[in-house]
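Only one chain is given next, in structure tokens, and it is the form predicted on its own.
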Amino acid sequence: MKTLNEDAQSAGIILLEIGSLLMSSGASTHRTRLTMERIARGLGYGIELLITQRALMLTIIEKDHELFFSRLKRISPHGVNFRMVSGISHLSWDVMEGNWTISQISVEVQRLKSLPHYPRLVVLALVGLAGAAFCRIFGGGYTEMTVAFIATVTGLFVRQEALKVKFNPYVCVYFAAFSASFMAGMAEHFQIGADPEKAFATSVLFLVPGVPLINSVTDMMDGNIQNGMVRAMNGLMISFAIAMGIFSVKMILNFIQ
């Protein structure tokens, strides 16, 4: 067997980095596979992939010289970062059409990783407005919308703080659901507004695990049954944490009535 080609090693390392970023940013398994294969083709390599929820295994085959690269990489905890997913998707087409080198790809990946997140106050305000908008859709008035806004901002703030101190992600969701529904529940308890139940019902909608549940369906439809089931269970666990937060608040409110 010949000595490993340095280009194959470099290509493998950057491909694993790209795959890990895609999976941890909310991309489906099928999209991750297609993007990595597209970039590998642009670099002139064939690859074999094993993608799980927590790890990537990649083998690169350089057909002309029979050289290979094989390595496993763990995937960081999953979140949602569509800017990263979109940026890597554009990058993959640039590699195919522009014959990018590995160093150019590496520079672009580092640029995408260094992009700043939205300011915390902006995130809190916009998510709060989304909660108020949901309340309006469900028939709430301006008072109920205000309550939903305050409850949503409170819940999101608590979740962010819980994540900072590295609580279990499901416990963070529980704390957020409890905080948001408690704020809305107090408004219901004191009869603030004409229909406070609307604010209570919509105060936790920002926690609904839309991306994991959608990805679970798309993964299973694409034949990635294992990843689809894992993502479905993740979504169900988040939903259970939300339900337990609401249930806890309901128990407290029933006790003090």
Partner chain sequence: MILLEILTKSFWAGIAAIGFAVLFNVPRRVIFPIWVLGTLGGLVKFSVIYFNVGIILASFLGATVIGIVSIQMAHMRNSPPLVFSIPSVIPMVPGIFAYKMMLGLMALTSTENTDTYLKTLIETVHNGAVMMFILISLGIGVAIPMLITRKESIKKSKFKKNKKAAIST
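Numbering follows the first chain given and starts at 1. Just so you know, these numbers come straight off a predicted model, no measurement behind them.
Just so you know, the form predicted together with its partner chain exists too; it's not on screen, but the next bit is about it.
- Between the options Asn168, Gln110, Ser86, Gln104, the residue in contact with its partner chain in the predicted complex by a heavy atom within 4.5 angstroms is Ser86.
- Distance criterion of 4.5 Å from any heavy atom to its partner chain in the predicted complex singles out Leu213 from the list Leu213, Val230, Ile51, Ile61.
- Contact check for Asn234: every heavy atom lies farther than 4.5 Å from its partner chain in the predicted complex.
- Heavy atoms of Pro77 never reach within 4.5 Å of its partner chain in the predicted complex, leaving it off the interface.
- Contact annotation for Lys73: none of its heavy atoms lies within 4.5 Å of its partner chain in the predicted complex.
- In the predicted complex, its partner chain lies farther than 4.5 Å from every heavy atom of Ile47.
- In the predicted complex, the residues of 132 to 162 lying within 4.5 Å of its partner chain by at least one heavy atom are, in order, Ala133, Phe134, Arg136, Ile137, Phe138, Met145, Leu156.
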